[in-house]
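First, one chain by itself: the form predicted on its own, in structure tokens.
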Amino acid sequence: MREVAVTAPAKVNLVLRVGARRPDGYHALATVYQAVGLHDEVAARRADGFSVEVRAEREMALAEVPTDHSNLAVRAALLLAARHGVPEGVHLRIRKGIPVAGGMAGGSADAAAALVACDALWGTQLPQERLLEIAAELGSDVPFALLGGTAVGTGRGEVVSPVPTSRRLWWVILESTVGLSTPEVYREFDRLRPDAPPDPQVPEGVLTALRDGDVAGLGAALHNDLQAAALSLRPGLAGHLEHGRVGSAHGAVLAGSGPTCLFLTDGQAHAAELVERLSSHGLGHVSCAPAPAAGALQLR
């Protein structure tokens, strides 16, 4: 193969429960991930060294995406090569469709796509279990980006277990022109929640709503423990969430550490109406996407 291209999806957290900071510096998490039809694409071709270029089809804060070896996709390629004795490098070309620093795990999606692309390009042919192990070393959200669908995440989020769903959902996604730093949001969470439990749990209600296809029940169960911290750092986001609620969204919640706002709707037609309503306020780029979506997927 001369070039391999792979897409990987953005994620939303239907529920994100955050526990106390662990001795290793991470926080205990209990979450329900869902992959949405918003993707980054990573194309990999053989090279003497390891390099990356980043592009986007629309305006994004690409200056915040590293283009050196600190880029998570490059780190994924380096780790795969080191673990399996690959003697050559790779050039990665990333096309962004997931908001940058938006709480939707775009960097993790890039890492997952790079793992799948390099595994195919180099012919290492690793089983999914081994790719998941490498993904967990790279970041908490990378294993889920490999799997996609809907899943419970535990540990620091890297232990994923698929969850059955019975209905396609439609999300409206309101992006912000300025990202939020995940470490900064977690520091604010620690300040606001010194009483965070050591072992957070996923509420049974969200799993029941997913199983039953109960959109209203799922909207009522949406929850993000990081939302208060993100709103403390960016109070204006509260108004953005309220605009979506007024638009009859079933639920409104920040994506991960923010600042992207997510709105659960009744279906594609309702989502399109809400996109139009929110776009008229000029709050930021607005789109809609179905869920659940597949995980990292080879295109060519």
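From a predicted model like this one, the values you see are computed outputs, not experimental measurements. Quick note: we count residues from 1 along the sequence shown, nothing fancier.
Although not depicted, the form predicted together with a small molecule is the subject of the following passage.
Judged by heavy atoms within 4.5 Å of the small molecule in the predicted complex, the contact stretch among the candidates 165-173, 128-136, 106-114, 192-200 is 106-114.
In terms of contact with the small molecule in the predicted complex, the residue from A209, L146, A151, L72 that brings a heavy atom within 4.5 Å is L72. The contact with the small molecule in the predicted complex, taken as any heavy atom within 4.5 Å, belongs to I94 out of V160, I94, L218, A230.
In the predicted complex, no heavy atom of D48 sits within 4.5 Å of the small molecule. For the chain shown alone, A81 is not a contact residue for the small molecule in the predicted complex, no non-hydrogen atom being within 4.5 angstroms. The small molecule in the predicted complex comes within 4.5 Å of a heavy atom belonging to S257. With a 4.5 Å cutoff on heavy atoms, V100 counts as touching the small molecule in the predicted complex.
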